[in-house]
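Single chain ahead, by itself, as structure tokens, in the form predicted alone.
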């Protein structure tokens, strides 16, 4: 059994309680347990997503960029891509370079700002998204297939609240 085959039951509630007691902290061990397991689950889902997108010759970042272009009429400036994807401009440049080499996007001068450029989804890039859609969306549905419609609605609400709370990890 590999580490990824485990249901994510580490640490246990007792381990979390012992760690909190060991450091003499006044924090809720269950809150610590939920946060640690969420971080672990996020890493596992991230690894699974990378393996999934590799089937289509993409990475998670490259897919998100192509999908964002498609969602916005097929073209967008690199700075807007970076902002909307929550990554640096340098990251977007690297993603665009690779996608351009494969013919999935092209760059052209901006009609709004002659100094800037926009990334344009090519016919080949749009076709890649169409080709992968049935398998991709089917697997996404299967990933949450163990949850009822009601549970997914609750999960989305809880997830949004946790994401807002994640600012506590980066606050000064």
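Every value quoted in this text rests on a predicted model; they were computed, and no experiment measured them. Numbering follows the first chain given and starts at 1.
This next part talks about the form predicted in complex with the DNA, which is not shown.
Enquirer: Would you please decide whether residue 89 lies within 4.5 angstroms of the DNA in the model of the complex, comparing each non-hydrogen atom pair?
Expert: Within the cut-off, so yes.
Enquirer: Heavy atom to heavy atom, is residue 103 within 4.5 Å of the DNA in the model of the complex?
Expert: No, residue 103 sits far enough from the DNA in the model of the complex that none of its heavy atoms falls within 4.5 Å.
Enquirer: Residue 138 versus the DNA, in the model of the complex: is there a non-hydrogen atom within 4.5 Å?
Expert: It does not: once the DNA is placed as it appears in the model of the complex, residue 138 has no heavy atom within 4.5 Å of it.
Enquirer: I'd like to know if residue 61 sits close to the DNA in the model of the complex, meaning any non-hydrogen atom pair within 4.5 angstroms.
Expert: Heavy-atom contact with the DNA at 4.5 Å: present for residue 61.
Enquirer: Using a 4.5 Å heavy atom cut-off, which stretch among 128-136, 29-37, 143-151, 61-69 contacts the DNA in the model of the complex?
Expert: Selected range: 61-69.
Enquirer: So which bits of 101-121 sit within 4.5 Å of the DNA in the model of the complex, heavy atoms only?
Expert: The stretch touches the partner through 107, 113, 114, 115, 116, 117.
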